[in-house]
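Just one chain is shown here, as structure tokens, and it is the form predicted on its own.
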């Protein structure tokens, strides 16, 4: 048998691989044609991209300017909402933790009161020393109980004044109830409270203002108009909470505070619940307070037991409303921007009708024309969205540094913005692409 007869016939590639290869080659050709089209109409493409970039940057950069049309405006509005919400949620949770995760606050005011309810809580009786004693004597669950009362006053030393200092009166249970720590010295003792000692603990900002390079312990500061107190301790630096410094603070024994500033101010009683028993402790505190105030079963409570999760619920409701509003605005602006892109592509189809006719006449398929225009729409959207996200990320970082409003850049949100821009480009580029693909070659060649 000859050698030729022994040779096997050449293997043919499966049909699906051939189709896949042709399809991939076609998509690369579409992408190349889209790039050529955009580069050959530099002014039109540049103006479109400029509108997109400005719109994206404007919305994310705290809406400093009025709404500017561009495909990324709607997408970037939603991104801005999530960026700011992410930063604010983390910041709010961190600041809320300074209140103590298991701490209840007994007060005449309910947290988050506004509107017509304000007078209802305004007319409630203050929490008094009698209420404090009732809680100390009749509750069994709390780990620690400490009264708090405060005012803003001027603190002076060596001829220098610091105004707006948070001056607080409390007892020896304050550290256990609030989680504050002493960096040097000691805290108020039960004896200080009993004799009304002129002892005080100062915050880190007071130390920096009066005693830079000196030893504060044992020195005196004047608190308010006429009280002189000896510094016995210095708090560890706490930082800011809810936009306010916590270190511009002086803490006195409650008896000394009342002697200096009067007893008309109501107390806030901090009650620390055991781990996992916040609800049970709240119920016990409520029952003791109702009994101390002789409230009948059908009478409404004239005090509030505040938990930090109530603040968190209010914050989450506010964020949810903000999200819904922002998403609706984002959708509307995205639709407007998408219509603008669609109009530009329709103009492009009209201008290139003869080119489309020539390509169809030499064998180009409708799918090829369709993909070419879709690629143009997606590329315009992606370039504008990417540039806008880059500018917005820088703006968010600057805002986070120079303002109290936190804005945390989340890569997932940025990726979602890019994908959303591409989807928007496809959605609003489909009609112009179909219009171009459905042109009849003869009619297109006759178009002037």
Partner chain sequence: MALIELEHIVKTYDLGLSKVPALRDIHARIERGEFVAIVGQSGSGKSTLMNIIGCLDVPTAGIYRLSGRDVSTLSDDQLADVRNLEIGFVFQSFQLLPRASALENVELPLVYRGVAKKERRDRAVEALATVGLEDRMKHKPAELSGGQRQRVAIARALVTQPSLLLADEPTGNLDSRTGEEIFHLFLDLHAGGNTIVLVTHEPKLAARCPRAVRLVDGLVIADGPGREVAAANAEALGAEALAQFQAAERAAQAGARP
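Positions refer to the first chain, counted from 1. Computed from a prediction, not measured in an experiment: that's the story for all the values here. Throughout, rigid core stands for the largest set of C-alpha atoms superposing within 1.5 Å between the two forms.
Another form exists, predicted together with the partner chain; not displayed. Remarks below refer to it.
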Select, from the options 180-188, 245-253, 218-226, 352-360, the stretch whose residues sit within 4.5 angstroms of the partner chain in the predicted bound form by heavy atom distance.
352-360
Distance check, residue 366 to the partner chain in the predicted bound form, heavy atom within 4.5 Å:
yes
Is there a C-alpha shift of 2 Å or more at residue 372 between this form and the one not shown once the rigid core is superposed?
yes
Did residue 361 shift 2 Å or more between this form and the one not shown, C-alpha, core superposed
yes
